[in-house]
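The chain below stands alone and is given as structure tokens, in the form predicted alone.
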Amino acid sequence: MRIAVLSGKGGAGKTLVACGLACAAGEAVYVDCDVEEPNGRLFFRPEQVISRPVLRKMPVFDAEKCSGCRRCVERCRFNALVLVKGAPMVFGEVCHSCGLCAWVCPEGAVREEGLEVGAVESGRAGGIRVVTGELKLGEATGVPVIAAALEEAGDEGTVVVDCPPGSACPVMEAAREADYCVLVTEPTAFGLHDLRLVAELMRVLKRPCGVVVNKAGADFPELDAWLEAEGLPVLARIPYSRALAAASAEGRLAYRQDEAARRIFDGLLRRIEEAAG
């Protein structure tokens, strides 16, 4: 089973929940797809780490073969090409590496070369395999690195995906193949606002989901009223705890440090398994 853990905003407790679920599963794969700032490995401290680069294909144009027909420019759906003095120029930040320009070129003037955009690390922390995607500094999108990290993780056993925050394309890539999605929020106006966005994304992706309320205890009835109106189940409530905050700040796994947290995550995994069928 693949479980995706999402939050509409950073700092809601997504990594806390993802790490806790991986520990509760015992034998599992934890995949950190928050590739701009992966921090799950700081808690698991994996050993025997192997790293490999992630490449994405970029078009390169042969000026001697190119006739300047503009076919590649006109067919590019992402407006990543422009004709400058009779020769195509590519905007790498916009290019989606779809290969269409090479396919439509009548002169065979386009070839694709690999551009390193990040890396994927894989190691072990006891019974948990830890896979981490890390985006190269300055790259515009983490989607290729997320796809590579998920491929490295595979589909065997329980796979817990620590998704990027928000509700944009990287989140869609990380969650679109999940069997169940856990939406982590907090009882604040900001938490509810961003929870609405990520819940709408789940409707678009048609993924079953439930909610974990982190830092529970604050009085914010608007959150419960909205969850009831939307029919979203509350899978767990994690109370605000200075001990858990201190453990996270020191890079210690809450599941292994706190008996109450262990019971919460064990129960959360059972409810997810029941909901996912």
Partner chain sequence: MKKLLILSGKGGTGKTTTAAAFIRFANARAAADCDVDAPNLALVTQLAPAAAERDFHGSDKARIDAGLCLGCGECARLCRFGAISRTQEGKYAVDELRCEGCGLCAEACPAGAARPEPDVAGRLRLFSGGGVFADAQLRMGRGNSGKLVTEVKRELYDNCGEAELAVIDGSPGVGCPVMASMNGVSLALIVTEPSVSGLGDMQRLVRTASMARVRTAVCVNRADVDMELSGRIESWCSEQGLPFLGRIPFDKNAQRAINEGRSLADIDCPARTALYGIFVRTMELLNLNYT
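Treat the numbers as computed from the prediction; the structure is a model and nothing was measured. Residue numbers count along the first chain shown, from 1.
As for the form predicted in complex with its partner chain, it is not shown, yet the points below apply to it.
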Query - Partner proximity in the model of the complex: Asn39 to its partner chain, non-hydrogen atom cutoff 4.5 Å - result: yes
Query raised in the report: According to a 4.5 angstroms non-hydrogen atom cut-off, is Ala119 in contact with its partner chain in the model of the complex?
Result: no
Query raised in the report: Does Ala229 make contact with its partner chain in the model of the complex, using a 4.5 Å heavy atom cut-off?
Result: no
Query raised in the report: With the cut-off set at 4.5 Å between non-hydrogen atoms, does Phe61 touch its partner chain in the model of the complex?
Result: no
Query raised in the report: With the partner removed from view, which of 47-55, 216-224, 22-30, 230-238 is the stretch that lies within 4.5 Å of its partner chain in the model of the complex, judged by heavy atom distances?
Result: 216-224
Query - Residues within stretch 116-144 having a non-hydrogen atom within 4.5 Å of its partner chain in the model of the complex - result: Glu134, Leu135, Leu137, Gly138, Glu139, Ala140
